[in-house]
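Have a look below at one chain only, the form predicted alone, in structure tokens format.
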């Protein structure tokens, strides 16, 4: 049986250089993950802060035996960003993840990854993307199990990937929510999104946790946690499982999911260990079970509700 792939997704937040460099160094040296994503997905203004380090980071990850995928912007808005996308698409010997449909044309004819920001909702769309060279498709977060099963059955040669941990991106906009919340214009944002390392929490008027804001991006308040569904996803044909970086000890998080995917631990132990790391985490798995996305169908550990 082919070993399931464990994937470390791209860093969505505006972490400083040292935090990012330390993160990737630990990923290279301490974690048994198969694939690591680099690159900026949310805001092109962040790119200059870390682009100069990427060649060394990519080399270190590849020398450690990791497959490296370069993730591109989820929303391409102007000529400068299109030019950046063209430069990335011409990078040789590196797998690129398309997160905006405009990048599919640039990557056509060469193996690439279709990111979860592209609406791969049905078999015809998946078939079209595979015909353009998609090597792997990371499915949108809101798909229920029935749709995942249908896409797995229709995928032909492509791998199917599903995110199993981390806040879920729900929307992205040309406007910068972080700047607006601080009374700033997008062009003079002072990079205030970097003050919230896991996104800025948003509450309703009665102080109920609601969403999280990350620059142009709106995320779920809850953390997607699909440990209880791993076996069902594998049975459906999912080959790859993505975890999304947060400020938690991601080495420990990745090792928990590695052991779960390999059948060496239980979902109960994974969830309980996650809560021991940060006991105010709120989990959700509603989308997978055709429920409101913030719902949690499976209830394990000390936070059973």
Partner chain sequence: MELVCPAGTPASLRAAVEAGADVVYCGFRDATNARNFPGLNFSRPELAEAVTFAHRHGVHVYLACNTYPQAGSEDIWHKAVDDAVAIGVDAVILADIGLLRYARDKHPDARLHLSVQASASNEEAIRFYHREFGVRRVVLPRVLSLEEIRMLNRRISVETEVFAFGGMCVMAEGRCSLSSYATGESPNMNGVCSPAAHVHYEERGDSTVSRLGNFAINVYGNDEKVGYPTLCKGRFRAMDKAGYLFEEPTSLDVTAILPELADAGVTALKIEGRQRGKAYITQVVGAFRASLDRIANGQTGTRSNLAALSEGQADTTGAYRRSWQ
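Please read these numbers as outputs of a predicted model, since none were measured by experiment. Residue numbers count along the first chain shown, from 1.
What comes next is about the form predicted together with its partner chain, which is not displayed.
*Asks:* Is every one of 100, 117 and 220 in contact with its partner chain in the predicted complex, taking contact as a heavy atom within 4.5 Å?
*Replies:* Checked in the predicted complex: all three residues contact its partner chain.
*Asks:* So which of 105 to 113, 229 to 237, 88 to 96, 157 to 165 is the stretch with heavy atoms within 4.5 Å of its partner chain in the predicted complex?
*Replies:* Flagged stretch: 105 to 113.
*Asks:* Does the 4.5 Å heavy atom contact test between residue 207 and its partner chain in the predicted complex come out positive?
*Replies:* Output for residue 207 is yes: heavy atoms within 4.5 Å of its partner chain.
*Asks:* Residue 197 versus its partner chain, in the predicted complex: is there a non-hydrogen atom within 4.5 Å?
*Replies:* Residue-level check for residue 197: no, no contact with its partner chain.
*Asks:* Under a 4.5 Å heavy atom criterion, is residue 295 part of the interface with its partner chain in the predicted complex?
*Replies:* Taking the distances in the predicted complex, the answer for residue 295 is yes, it comes within 4.5 Å of its partner chain.
*Asks:* Considering non-hydrogen atoms and a 4.5 Å limit, does its partner chain approach residue 84 in the predicted complex?
*Replies:* Judged by the heavy-atom cut-off of 4.5 Å, residue 84 is well away from its partner chain in the predicted complex.
*Asks:* Heavy atoms within 4.5 Å of its partner chain in the predicted complex is the criterion; list the residues of 106 to 124 that meet it.
*Replies:* Residues within 4.5 Å: 106, 117, 119, 121, 122, 123, 124.
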